[in-house]
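Take a look at this one chain, the form predicted on its own, written out in structure tokens.
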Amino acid sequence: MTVSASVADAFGLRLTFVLFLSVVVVTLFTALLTAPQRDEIGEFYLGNRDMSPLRNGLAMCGDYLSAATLLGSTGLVALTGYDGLLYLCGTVVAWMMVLLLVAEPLRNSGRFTLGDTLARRLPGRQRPVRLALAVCTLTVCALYLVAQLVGSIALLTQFVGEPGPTTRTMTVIIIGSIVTIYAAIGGMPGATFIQVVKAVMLVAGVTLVAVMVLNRFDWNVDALLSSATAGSGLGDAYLEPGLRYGAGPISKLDFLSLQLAIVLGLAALPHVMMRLLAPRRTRVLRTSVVWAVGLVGFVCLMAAVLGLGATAVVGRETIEGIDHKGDAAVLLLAGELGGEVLTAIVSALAFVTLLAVAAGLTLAAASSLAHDLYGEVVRKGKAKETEELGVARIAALFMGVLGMLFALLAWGTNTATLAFLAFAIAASAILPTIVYSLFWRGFTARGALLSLYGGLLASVLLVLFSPVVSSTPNSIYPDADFAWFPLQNPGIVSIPAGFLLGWLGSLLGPPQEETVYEDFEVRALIGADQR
């Protein structure tokens, strides 16, 4: 039985479909209208660079917040109380890392992609570094994209009941095709529009439901917490640490590893970094990221209210009985507070959220393929703009089809596992390269290659030999047992490994000319407004 089949009747399902279809039609039409009209790769990669800080901040917020925030995080709070609230804090801290650490120097030193920053920092061996970066970027985007598409199956199949092979295939093709059109035709302008629309809808939606929750308890937070504690059936343990991540030392280490990957991985997610390059002026970027931090923090706060409200109004036992992961919590809460209409609104919002994040990921992967891999590695910087633009559109199509195929193959895989692995790779491979490039004079191309490839391999191998793949009833292969690594999240080991490899590679490799870093440092720290 699917989650939605348990929380929505026929009228609610039809209304959800109508709302979702309406948003898709409007955003697709607008994406076509705002698509790049000139054969300029800058417009396709970065879009309108003169947007206001608020619109940029909304786009950044929309690029990051996925259906996992609306459904998964809310459900985690509903089922685990304190541990779920602590998990939400990691997202806000992650955006503070972006604001304080990489936003301005990355924008000042970059052009279209992170590969441009590394090429300016490591000009002697820029092509192998771009190739390594493209491999890591495609891996991160593919994992995160597949997680979104697999998640869309569970949502969209509420219209047709228990998903069979035909239903799953149709669902992935429909969602994947819409995402591909956004990225291939609309480019950054089209993706930005849906990100802004999605962010506005998400903020408005969670605010509406949170207001209804607080109003039900007369705006008394203590009453909400007391009712949630009572509804959990766990007593005071619900608001104390340990329900999910406190079973023992391994569980606590696993949570720390997960939070490290989230906090550090956000600063290296390709679609987030690409958004940081878009503002033409430094002060616009600074204000945009402040808006993004505020908006993401607000949504996470509202998600906490929704999670607590779901436990207080619906009850933890009911939520867990319908979906053991808790993804049904906010839908059940909406049904109790606003009936079929509110349930339909929240469901449609979840669909739009999936589309927006998937479009940003597809565009980031296509940009890396076209600009870094084809334009600079294959064509050695000699490709014409029209040629590279055509390759970028084909790359978006390729990425969309690849994501659909992997989503069908990965059906039944925990989407959270795919998303967390993407964060771990970003934090273990891409982030060390960014930090060393921006702030360490002695960083070399050999260090970059070891950091990128080493961080990627460490993350993947640790997950392959973890309980995610074997040794437990919830593993991909429950009957096998080759999980010598005890944690499900590899970040606590793979992130230090990525930094260590970058350091060792730089010490063992030939030094770089001093003038190269000095010129790069001036640009990264001072920057210049771009035309």
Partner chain sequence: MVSDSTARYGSSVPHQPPSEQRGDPFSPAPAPRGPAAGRQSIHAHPEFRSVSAAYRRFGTWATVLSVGAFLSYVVLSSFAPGVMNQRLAGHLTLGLALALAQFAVIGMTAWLYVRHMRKNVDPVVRRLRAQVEDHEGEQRRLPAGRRLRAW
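Positions refer to the first chain, counted from 1. Owing to the predicted nature of the structure, the values given are computational and were not obtained by experimental measurement.
Another form exists, predicted in complex with its partner chain; not displayed. Remarks below refer to it.
Its partner chain in the model of the complex is not approached by H324, whose heavy atoms all lie more than 4.5 angstroms from it. Under a 4.5 angstroms non-hydrogen atom cutoff, its partner chain in the model of the complex has G381 among its neighbouring residues. Its partner chain in the model of the complex is not approached by E340, whose heavy atoms all lie more than 4.5 angstroms from it. Contact annotation: F255 falls within 4.5 Å of its partner chain in the model of the complex, judged by heavy atom distances. In short, of 67-75, 314-322, 452-460, 82-90 it is 82-90 that has heavy atoms within 4.5 Å of its partner chain in the model of the complex.
Only one of the listed residues (P241, G442, P128, G390) places a non-hydrogen atom within 4.5 angstroms of its partner chain in the model of the complex, and that residue is P241. Contacts with its partner chain in the model of the complex, taken as any heavy atom within 4.5 Å, map within 208-237 to D222, L225, S226, T229, D236.
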